[in-house]
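Read the single chain below, which is given as structure tokens and is the form predicted alone.
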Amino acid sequence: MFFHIVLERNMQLHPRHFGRDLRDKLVTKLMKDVEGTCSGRHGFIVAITGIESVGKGLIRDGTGFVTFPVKYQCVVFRPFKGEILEAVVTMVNKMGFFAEAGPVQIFVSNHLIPDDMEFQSGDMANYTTSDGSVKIQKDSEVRLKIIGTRVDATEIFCIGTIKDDFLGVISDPGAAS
């Protein structure tokens, strides 16, 4: 799920950046350092939408660097247990498959795949129904439900299932060819 929140960060800036465009340099450095990172508490920081305030700088002894407290608004993505997501399959093996929904990697175990789907090894490993009508392979789009999350300091891992109503393959790249 996406959230719009306010976060705070202390930014260090080298003295060579001091001048008229100090604020612009600070915002550029903030965007470069923060966007695309993951904080276990808040989730993945997708984009900075605005700067609320830049506090007074504090000079660091001996280095000349100045630390500025910056308060900024950003959009974060954090998956929750029970959430339904659409994801792209990145890898299929006999244990299950991995899929990505934006920056989040989700593992779906073969026990959480419907019983009528069997693993097929070969050139392109996949899970196929007995009649061959539905196939999960690399680059397939699936709708899945998150049943568990594990949050580390810099990463979020998820376990998903497609063994529920209205879940499963949305689009199959193999069917188009």
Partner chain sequence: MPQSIILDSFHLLVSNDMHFIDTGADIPDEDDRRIHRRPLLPREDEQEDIEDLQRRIQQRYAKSHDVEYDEEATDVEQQALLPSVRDPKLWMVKCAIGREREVAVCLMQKCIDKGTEIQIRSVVALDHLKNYIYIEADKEAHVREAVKGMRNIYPSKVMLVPIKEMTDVLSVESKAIDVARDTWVRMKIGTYKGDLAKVVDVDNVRQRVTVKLIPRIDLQALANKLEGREVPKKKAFTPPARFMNVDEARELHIRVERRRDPATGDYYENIGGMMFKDGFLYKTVSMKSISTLNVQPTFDELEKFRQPGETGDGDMSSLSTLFANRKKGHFMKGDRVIVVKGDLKNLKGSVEKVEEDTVHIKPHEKGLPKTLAISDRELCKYFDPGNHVKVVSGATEGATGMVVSVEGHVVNIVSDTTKDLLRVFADNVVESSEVTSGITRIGDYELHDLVLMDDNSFGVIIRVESEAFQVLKGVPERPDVALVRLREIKYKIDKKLFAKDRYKNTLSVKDVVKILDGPCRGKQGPVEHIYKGILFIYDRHHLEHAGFICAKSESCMMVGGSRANGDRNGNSFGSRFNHLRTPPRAPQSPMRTPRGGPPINFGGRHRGGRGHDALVGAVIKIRLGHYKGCKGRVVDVKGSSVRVELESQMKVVTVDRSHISDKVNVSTPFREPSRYGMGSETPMHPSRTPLHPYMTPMRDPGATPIHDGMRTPMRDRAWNPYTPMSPPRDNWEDANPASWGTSPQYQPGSPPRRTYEAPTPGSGWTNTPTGNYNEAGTPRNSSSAYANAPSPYLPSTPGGQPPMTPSSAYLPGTPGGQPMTPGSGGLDMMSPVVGSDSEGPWFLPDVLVNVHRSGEDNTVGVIREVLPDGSCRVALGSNGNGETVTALPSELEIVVPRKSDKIKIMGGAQRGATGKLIGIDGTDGIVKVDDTLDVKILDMVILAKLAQT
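Numbering follows the first chain given and starts at 1. All values derive from a computational prediction rather than experimental measurement.
The following text describes the form predicted in complex with its partner chain, which does not appear among the structures shown.
Proximity of Val27 to its partner chain in the predicted bound form falls within the 4.5 Å heavy atom cutoff. Put simply, Glu86 is far from its partner chain in the predicted bound form: not one heavy atom of it is within 4.5 Å. Contact between Thr154 and its partner chain in the predicted bound form is found at the 4.5 Å heavy atom cutoff. Residue contact with its partner chain in the predicted bound form: Ser121 places no heavy atom within 4.5 Å of it. Of all the residues from 101-134, those having a non-hydrogen atom no more than 4.5 Å from its partner chain in the predicted bound form are Gly102, Pro103, Gln105, Phe107, Ser109, Asn110, His111, Leu112.
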